[in-house]
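Presented below, as structure tokens, is a lone chain in the form predicted on its own.
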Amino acid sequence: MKFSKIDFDKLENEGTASVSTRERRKFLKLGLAVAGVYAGGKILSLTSVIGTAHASGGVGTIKKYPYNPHYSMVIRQSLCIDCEKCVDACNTTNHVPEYGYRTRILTKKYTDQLDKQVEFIPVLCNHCNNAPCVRACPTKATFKDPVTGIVRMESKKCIGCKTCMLACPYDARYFNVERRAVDKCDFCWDKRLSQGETQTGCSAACPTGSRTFGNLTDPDNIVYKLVHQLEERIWVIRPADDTKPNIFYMKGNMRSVDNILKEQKFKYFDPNKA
């Protein structure tokens, strides 16, 4: 399967790795968070965390989240081993054709670091709160679910103009020839969530827990805890586009993850046995 190349080697990490733990704690005492970004953002971004969801792009106070449940996913990058079980599960669950994709794993190679030579970056539709694809669609085939916030497609309304594909800053859509319509990730709404499942196919299939799916509105949910934890910085891809994405990234070292999840285990989902 071939995808268009994205040259991540030329993207500079403008995150907050240089900010010391001592400095970070000073910011936190002031009610500010050091919000990291992966590429194209500011070197240091300070956002208030007093009663707000700082990592989700300033969508407002916790009680004023736009959706409930507010489905989101946290990608713990260092836990991704590029096994592609998530991709296989997605393709099987959603009947994705060989030429299409709903999720991918990009590879970033390092040439000047002895301890790290390659890094894997899972990507998918970011289900943006301020989704440019929704605004671009002339027939409203692309829409944001008013209850869950999931960006979905109504294939019957799609005229195949591909305007939404051009509008998406994450290259997360493809044209399904058989359906004659654009297709994309919908957090497995049709095949799993609407049927009572609590996990997407990709998150359930991930053997390391790299993909963590849940409800950003619920303070007891794993996703909420990961996004609001103070041990590690959280970032989103292309923050300068102001799309307010709901896919968050963190490095996810095992110590902080164990503390946050409190020994919660992940169950592997085999799509072939579903």
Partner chain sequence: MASRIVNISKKWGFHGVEALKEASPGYKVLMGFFVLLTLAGMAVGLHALFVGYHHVYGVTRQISWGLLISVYIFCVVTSTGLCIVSSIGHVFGGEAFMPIAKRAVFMSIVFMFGGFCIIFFDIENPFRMAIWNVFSPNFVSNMWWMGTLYGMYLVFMIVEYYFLLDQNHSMSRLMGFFGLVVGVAAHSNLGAVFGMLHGRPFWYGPYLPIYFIFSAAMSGGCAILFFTTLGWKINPEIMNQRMERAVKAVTQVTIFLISVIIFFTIWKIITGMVSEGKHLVIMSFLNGDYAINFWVFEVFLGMFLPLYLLIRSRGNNFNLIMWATGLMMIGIFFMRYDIVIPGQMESVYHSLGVVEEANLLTYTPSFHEIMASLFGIGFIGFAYFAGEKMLNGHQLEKHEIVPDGGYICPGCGAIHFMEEGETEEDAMKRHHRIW
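Since the structure is predicted, the reported quantities are computational estimates derived from the model, not experimental observations. Positions refer to the first chain, counted from 1.
Form predicted in complex with the partner chain: not shown, discussed below.
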Proximity of residue 172 to the partner chain in the predicted complex, heavy atoms at 4.5 Å: yes
Looking in the predicted complex, any heavy atom of residue 199 within 4.5 Å of the partner chain? no
According to a 4.5 angstroms non-hydrogen atom cut-off, is residue 191 in contact with the partner chain in the predicted complex? no
Would residue 104 sit within 4.5 Å of the partner chain in the predicted complex, counting heavy atoms only? yes
Partner-facing stretch of 191 to 199, 68 to 76, 163 to 171, 86 to 94, counted where any non-hydrogen atom is within 4.5 angstroms of the partner chain in the predicted complex: 163 to 171
Go through 128 to 145 residue by residue and record those having a heavy atom within 4.5 Å of the partner chain in the predicted complex; state none if no residue qualifies. 132, 134, 135, 136, 137, 138, 139, 140
